[in-house]
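Next comes just one chain, in structure tokens: the form predicted on its own.
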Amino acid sequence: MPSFQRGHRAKAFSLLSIFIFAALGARADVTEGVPLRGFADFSVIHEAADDSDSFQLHEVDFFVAKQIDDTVSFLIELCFQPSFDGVGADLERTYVQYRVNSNWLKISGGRFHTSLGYWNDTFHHGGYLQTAATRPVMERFEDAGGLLPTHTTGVELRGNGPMSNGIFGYIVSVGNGRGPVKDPPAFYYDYNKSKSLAALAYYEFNNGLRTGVNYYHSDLPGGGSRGPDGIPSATIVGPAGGESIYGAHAVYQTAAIEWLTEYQHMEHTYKNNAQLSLMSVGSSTATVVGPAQSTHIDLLYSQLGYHLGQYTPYMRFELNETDNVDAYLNAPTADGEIPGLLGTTRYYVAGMRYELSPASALKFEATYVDSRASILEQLKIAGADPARHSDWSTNLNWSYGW
């Protein structure tokens, strides 16, 4: 068994043991203990690309949260993530929060979800919480092929309160910047001299409409970075440069309608000596293609749902587009992760959600993917078909919480 598989399983077993002991010690009465909560979901997936049908177990999410007194609270969230390599474990969120002034100022320290629009700050790791069976591609987490820095370790200030005919809110955070590669996030050591900065402001009208804007910036440390005691940061690393993200969202929610739209624009600039390295599908080594080029990346999704009692039909459109093969997002990781965004891809999603109970739902979802060119062609593999690439899949999902 490869060493990284043994490591993932050992870590998963150790963390699971801790949470089992926590569950045994937890009591239903919140005043006497810390209740253990969580989410899980299970799917039957059909992939047209290889005409396969698979049973698929998704994240099993455990979290504990408690209000210690009138001002201090904490949250710890742990996910077990099945994959081709077995089951891994990740401490997704863990922070302590101090409420300074009612809801207008709360200070948190730890690991939290970065304030990148609406979805990432609202729908965390419980699939039941979101209407759809799947997250938009732009909202995927780093270890699921996501492109955005969805997690930050640092300090966060947030607050909201009544203003005019609605509610104004804000989130500002300072934390560790991007790591040598996009996954894993830098939760233990900051490879950058400067810190990352994230800021979001929004306004919720009384009629259910919310609009907001966000900004994020981090340096990209590159291959010369070293961690504590001079230990190299990674065996394979991305190029040095900088990342800026500008975003906006509009959300409209009533008893009948759910409409979510978000846009994020990423800009990556690279230093003169930075190189673009690509890893071919099925390979464990990277090939240097040439100098890294500055890249502009546009990510967009719009999802509309209509609540009809226990039923919610929904549809979603996604557009992911880049003007270059991005050197950082496509930098191969040490465990051979498949490269990220390439070219222009559109996703068309349609589904139906049925509420089985207050904490359980069935979802059926179909997805059609249309890409400008095949992934193999964009990876510069000789003889690959440069024609448009399309694919579709279906997902019957059962999500639940406790």
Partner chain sequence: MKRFRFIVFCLIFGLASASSFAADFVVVANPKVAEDSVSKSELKHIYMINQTNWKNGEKITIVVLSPEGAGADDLTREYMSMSAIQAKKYWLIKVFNGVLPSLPIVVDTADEAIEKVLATKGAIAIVPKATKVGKAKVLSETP
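Predicted model only: the values in this text are computed from it and were never measured. Numbering follows the first chain given and starts at 1.
If you look for the form predicted in complex with the partner chain, you will not find it shown, but the lines that follow are about it.
The shortest heavy atom separation between Thr94 and the partner chain in the model of the complex exceeds 4.5 Å.
Under a 4.5 angstroms non-hydrogen atom cutoff, the partner chain in the model of the complex lacks His58 among its neighbouring residues. Within 4.5 Å of any heavy atom of the partner chain in the model of the complex lies no heavy atom of Ala89.
Though the partner is left out of this view, Ile167 does reach within 4.5 Å of the partner chain in the model of the complex, counting heavy atoms only. In summary, the region of this chain contacting the partner chain in the model of the complex, judged by heavy atoms within 4.5 Å and restricted to 118 to 126, 295 to 303, 319 to 327, 179 to 187, corresponds to 118 to 126. For the candidate set Ser194, Asn103, Ser83, Thr269, a heavy atom within 4.5 Å of the partner chain in the model of the complex is found for exactly one residue, namely Asn103. This chain is drawn without the partner chain; in the model of the complex, the residue among Val251, Ala198, Leu75, Ala274 with a heavy atom within 4.5 Å of it is Leu75. Within 4.5 Å of the partner chain in the model of the complex, a heavy atom is found for none of Ala144, His217 and Arg346. Residues of 172 to 191 that come within 4.5 Å of the partner chain in the model of the complex, judged by any heavy atom, do not exist; none qualify.
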